[in-house]
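Coming up is one lone chain in structure tokens, specifically the form predicted on its own.
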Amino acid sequence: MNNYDTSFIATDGLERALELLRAKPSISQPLPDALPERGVGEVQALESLAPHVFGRAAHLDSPSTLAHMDPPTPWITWATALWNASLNQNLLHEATSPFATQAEKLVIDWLSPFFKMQGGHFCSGSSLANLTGLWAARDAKGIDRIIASESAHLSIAKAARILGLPLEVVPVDDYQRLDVSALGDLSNACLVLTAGTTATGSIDPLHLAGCAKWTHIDAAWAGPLCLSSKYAHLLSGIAAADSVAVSAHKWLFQPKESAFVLFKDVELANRAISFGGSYLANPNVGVQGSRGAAAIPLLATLLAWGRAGIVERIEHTLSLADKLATALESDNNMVLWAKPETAITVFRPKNLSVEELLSRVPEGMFSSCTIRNERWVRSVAANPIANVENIYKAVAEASRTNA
């Protein structure tokens, strides 16, 4: 090995990587069963991997995909993710991430006012954001239990287990929202409210925010509606929360492992969730130590699209969900669970099982969920380039019992 190692220098191999991304090859040769003693070189490695990475992937940018809370990502995030990988900056140490640290603060400062929060930080997913909010509730306010609905995300139960706090599960109403009438004593508790449940996209009664010693809102899915003047009312009450979790890799169209937690009193929260060490110039805030510059792709997206561009795409996906729900509601072979509240449409065929319908439509078009022990088809309109007309045609054709 010499001092001039081209593996760490931008070469023509990057151009080949872009060519393969555009081509998305689908015919592949098997990868070796064991680690090779001698490598084949970067370009040949890319050419061997590309058919597997692209050819064996779930293509979330397909016009027929409405399955999950995983949108396609804009190409500007691909470019900035490449920049991030080349620099490998670590936000644990500001000295190794001078602009990345500033970029995160800028994005948090831009977005916090829409949620009426004071500040916060990025996390690798909303499960960590939820854990961070509940950790702050325990150590900043001394809450001794967590209260959440039975439709709350599983990360809430995980966080309760990790924090050593009892979890009280509250039933939901017919629309999968926390049943207010089933709530008991909220003193000394952290009340978790969900803004966009995983199965149905339902929003808990957010007017309850502020009624407990600490209120945490899991807004992983529906949080970005705060940016829309047309739909922000759906999250009315969020301003009274103490902490809010949002997944940027959902309705903000970012690559995976991009989320953030926001606090009403960021100084109070940070004091409770910070650790220092002799080798750290500044205290380490939150669950993670080393973490990358996830804010830079979001900063690039916000600069490219502006608030209006983000909102336009969110509102378009809401309209796609409404169109699909309207078509399904008028179809005598279908049962619509309810009109979608946050772009999640839940339905089932009358004359087929859910599994049989899913087997007849293109793979990845939908997912499924269980509500009150009954299986339903679940459609999440997270893909702005989905073709709803063709999707509904596929459903109508698949629902014919003689298909």
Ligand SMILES: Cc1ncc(COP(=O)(O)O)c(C=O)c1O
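One-based numbering along the sequence shown. Keep in mind the model is a prediction, meaning the values are calculated, not measured.
Separately, the form predicted together with the named molecule exists; it is not shown, and the next lines address it.
- The stretch that touches the named molecule in the predicted bound form, counting heavy atoms within 4.5 Å, is 120 to 128, out of 302 to 310, 283 to 291, 326 to 334, 120 to 128.
- Taking T198, T317, Q89, T77 one by one, only a single residue has any non-hydrogen atom within 4.5 Å of the named molecule in the predicted bound form, and it is T198.
- This chain appears without its partner; in the predicted bound form, the one residue of V261, A159, A136, A220 with a heavy atom within 4.5 Å of the named molecule is A220.
- The named molecule in the predicted bound form is not approached by S228, whose heavy atoms all lie more than 4.5 angstroms from it.
- In the predicted bound form, at least one heavy atom of S155 sits within 4.5 Å of a heavy atom of the named molecule.
- Shown alone here, S247 lies within 4.5 Å of the named molecule in the predicted bound form, counting heavy atoms only.
- Proximity of S243 to the named molecule in the predicted bound form falls outside the 4.5 Å heavy atom cutoff.
- Contact residues in stretch 62 to 84 (any heavy atom within 4.5 Å of the named molecule, taken in the predicted bound form) are limited to M69.
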